[in-house]
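The chain that follows stands alone, in the form predicted on its own, written as structure tokens.
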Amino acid sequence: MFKAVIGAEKLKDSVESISALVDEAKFRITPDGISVKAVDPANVAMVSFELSKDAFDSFEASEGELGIDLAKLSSIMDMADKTDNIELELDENTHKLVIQMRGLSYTMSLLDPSSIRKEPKVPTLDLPVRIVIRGEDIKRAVKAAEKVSDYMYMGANGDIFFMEAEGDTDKVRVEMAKDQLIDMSSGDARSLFSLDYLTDISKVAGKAPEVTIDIGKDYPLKLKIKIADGHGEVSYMLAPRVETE
């Protein structure tokens, strides 16, 4: 059983945060809310998503799984205005999701959850440097890096957080001191990441007032943001590109 009402903007942001990495996902439904864990097809990046029942105007659910085509759901959500309320209900006879908004009603077929890639195990990483930064600053740095390379370094030298990219002829570097950030635990770190992934992630992170980033030396990046007025959280883990001598 699943029946819920949620604001359109919260649902759009939720779908966008997961579809930054995957096209389909297994949504775990419990009486306390919804969660998703998924890894991209290349096994380079992982997304963990949680949305509490408190994010919804109303929420009734029993334990279950829904296999959802995110591109299809996203295209349906394009029909909604920001101020709309979205009603979601699982039709248990047809096992389809009924989505209603302002007089429109969509009946969306669901995917077989067993056909979707197995949920990844999220590794526990104790990374030495933590940065809390404005989302718009991450988005700006990624946009600048895209102009010169396909990869971007992210790291820290003591109290300085930096993001830089170097191409065949050009280079871009963004530096932010501890007092220019929301918060920072100082240290030394430097890892290289694919801008293909960082670009997609930064589109989501760019909307957030604050983004928490954990980094190390040639270690995966962990990036975490709050969504749905603090009632939801999405975190990404991105494997580094390890340079060979």
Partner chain sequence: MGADLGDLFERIEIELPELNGRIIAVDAYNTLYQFLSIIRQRDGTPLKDSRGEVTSHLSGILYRTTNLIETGIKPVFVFDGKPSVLKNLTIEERKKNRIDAAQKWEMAIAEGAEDAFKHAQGSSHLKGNMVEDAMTLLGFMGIPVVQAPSEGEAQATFMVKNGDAYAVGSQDYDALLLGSPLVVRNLTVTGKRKLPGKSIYVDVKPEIIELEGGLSRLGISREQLVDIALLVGTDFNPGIKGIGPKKALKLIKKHGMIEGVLGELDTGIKHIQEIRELFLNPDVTPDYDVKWKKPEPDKIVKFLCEGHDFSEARVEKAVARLVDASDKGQQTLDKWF
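Positions refer to the first chain, counted from 1. Please read all numbers here as calculations on a predicted model, not as lab measurements.
What follows is about the form predicted in complex with its partner chain, which we do not show.
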>> For the interface check, one of 54-62, 182-190, 216-224, 28-36 should have non-hydrogen atoms within 4.5 Å of its partner chain in the predicted bound form; which one?
In response: 216-224
>> To verify the annotation, which of these, I68, V211, I201, M46, has a non-hydrogen atom within 4.5 Å of its partner chain in the predicted bound form?
In response: M46
>> Can you work out which of K171, R102, K82, K121 has a heavy atom no more than 4.5 Å from its partner chain in the predicted bound form?
In response: K121
> Is there a heavy atom of D229 no more than 4.5 Å from a heavy atom of its partner chain in the predicted bound form?
Replying inline: no
> Does H95 make contact with its partner chain in the predicted bound form, using a 4.5 Å heavy atom cut-off?
Replying inline: no
> Just to confirm, A8 within 4.5 Å of its partner chain in the predicted bound form by heavy atoms?
Replying inline: no
> If you check in the predicted bound form, is L125 within 4.5 Å of its partner chain, heavy atoms only?
Replying inline: yes
